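Starting off, we have a lone chain in the form predicted alone, written out as structure tokens.
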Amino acid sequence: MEKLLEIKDLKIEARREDGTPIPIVKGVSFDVHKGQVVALIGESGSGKTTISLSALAYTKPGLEFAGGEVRLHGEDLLTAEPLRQRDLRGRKVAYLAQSAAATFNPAITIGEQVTESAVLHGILTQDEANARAERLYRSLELPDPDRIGNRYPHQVSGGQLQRLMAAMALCGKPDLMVLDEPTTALDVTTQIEVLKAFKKVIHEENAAAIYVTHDLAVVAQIADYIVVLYGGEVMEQGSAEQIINNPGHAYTRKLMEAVRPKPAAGLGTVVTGEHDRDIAALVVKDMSAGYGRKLNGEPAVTVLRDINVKVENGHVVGVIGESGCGKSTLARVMAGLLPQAAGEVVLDGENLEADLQDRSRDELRKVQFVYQMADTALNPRQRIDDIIGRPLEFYHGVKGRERQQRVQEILEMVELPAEFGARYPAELSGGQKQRINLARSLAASPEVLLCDEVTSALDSIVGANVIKLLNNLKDKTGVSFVFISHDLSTVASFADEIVVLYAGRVVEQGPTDQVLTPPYHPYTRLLISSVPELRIGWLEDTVELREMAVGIAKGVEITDVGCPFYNRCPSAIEGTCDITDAPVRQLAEGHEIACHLDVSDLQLKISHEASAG
């Protein structure tokens, strides 16, 4: 294969205030050949993104190149003139960021943004770029390829926007793509779609790519060659087959061990019952909610319908489902951020007002929200002791020396040293910021913590540490958790009960082990079978299955009649599932599903699948 990019002994440094250097990347070397996907893997802070950006002759503010070479087609990008470097960016090397939503301009149509770079660099005329963009939309299996370019970013789903970002990068026919965690924030079924589309289009275009990720199971599906990084150094590199099946370095094996197992029974923690009470901590009864308002007061768009969920004291209720299923909307209703249109939210046996502005300070204290992105949830201008001290003062009236003492105790509770109180959020790692995000909520002494995707942006090792911390807090304090996630493996290891949401309705709920083994509802089965395995060839095997092909090909659609999963269900009954709401069937105490199929029919289907597998 033709050698496209050579990185030789690359060194990147930061500078202390006194001018002394801090080594960040310490002599990294690897090659990228045409038609090859090279994955850079490692935990947060290993230098993955910093090294990948060197392919664009770019470093983040505060960093500088201190040595080595980055050669594209033999030309050293680091010594090239700034105008030459700028000419190569976008034309020869394209970058795909982690967040497609932040990449696209909401005020400009998708088509304009996809074709802009190719036209700007003079690679294609506008007509040629439009034609190429449409071909890429088809290759990336996007819906309505001849008209999707006329839409705005908010008019497509997250998975579609991620693939449109790939079209934007490929439109100018770059030699190399740098993909920086492009599937990390996606749910499992959307992730499969995007990975399948990326793999197909990279092969069709004979392009090369550097794929940055901390997810080894994803790497196994897309990479040809793997570079394992830790602390800015290469621990190990080799073919994907060799690294996945026969890792040589202890750190690589540590990363392998941190890969979350397939969701299954017996992975979670055992509830001791020590904090159980006669009254549930939080109950949602017959609740419906949505956005906008009609003249009659009903929501213009109903997102949640007839939701019933109970959160016992000291328990963890995991809420799972794809993007658009209503998971975050459910948490917003529980917190009072979104008033429900019908039904009740009950805290400690007392009805809560729908709007948080009508709730008492003590009711606000008892239900706390832990947001997904600590980066945006924490005020960058406040020190950590002020961030944690604010709820202490607001809810408990704690001030002065007592406040300082409590801040230190809370920092210790989330396993951070007391001296972190004097730092600002920018001085902390992603995992540390998430702990501060959690500490701020704990400072209120809540009864229920609503955790919305709190581990989705963290690498496997850091995410596992956060889950361990949450388990310890649950055992010590008796706090209840509503844990929202699209990561089924994390939910299986943390939650003792699971609520499966689809298109704003509960399709299955019950104790974790009963929901996962076997998964009765067809949608629960689709979710579990969509979790990537640490096995080369898993992606190809999975998309060939009929159930997966039907389920993955279509997105979530909220419907007013019938079962919302009808258009994706391999067992759908025409004339029944499409026009009649699914009945709720009790499988065991506390375990129920919403499905038109009898339990015996579902069991028969599961046994057929098991014998066929």
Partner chain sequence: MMMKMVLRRILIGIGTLWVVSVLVFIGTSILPGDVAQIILGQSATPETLAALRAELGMDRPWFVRYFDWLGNLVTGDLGTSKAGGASISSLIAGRLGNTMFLAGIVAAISIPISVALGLLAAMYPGTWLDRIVTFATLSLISVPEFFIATFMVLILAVQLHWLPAIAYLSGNESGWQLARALAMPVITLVIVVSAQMIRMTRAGILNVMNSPYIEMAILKGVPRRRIILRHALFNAIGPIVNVIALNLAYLVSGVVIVETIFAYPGLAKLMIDGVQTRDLPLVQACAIIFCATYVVLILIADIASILSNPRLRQPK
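Residue numbers count along the first chain shown, from 1. Quick caveat: nothing in here was measured; it's all calculated off a predicted structure.
Below, we turn to the form predicted in complex with the partner chain, even though it does not appear here.
Interface membership of G297, defined by any non-hydrogen atom within 4.5 Å of the partner chain in the model of the complex, is ruled out. Mapping the unseen interface onto this chain, H154 counts among the residues with a heavy atom inside 4.5 Å of the partner chain in the model of the complex. Residue contact check for I108: one or more of its heavy atoms lie within 4.5 Å of the partner chain in the model of the complex. Contact between H121 and the partner chain in the model of the complex is found at the 4.5 Å heavy atom cutoff.
Only one segment in the set 580 to 588, 66 to 74, 567 to 575, 52 to 60 has any non-hydrogen atom within 4.5 angstroms of the partner chain in the model of the complex, and it is 52 to 60. The three marked residues, G90, T103 and E116, each reach the partner chain in the model of the complex, with a heavy atom inside 4.5 Å.
M168 is the sole member of L501, I202, A443, M168 with a non-hydrogen atom within 4.5 Å of the partner chain in the model of the complex. Note on the partner interface in the model of the complex: the residue among R135, R147, R86, K399 having a heavy atom within 4.5 angstroms of the partner chain is R86.
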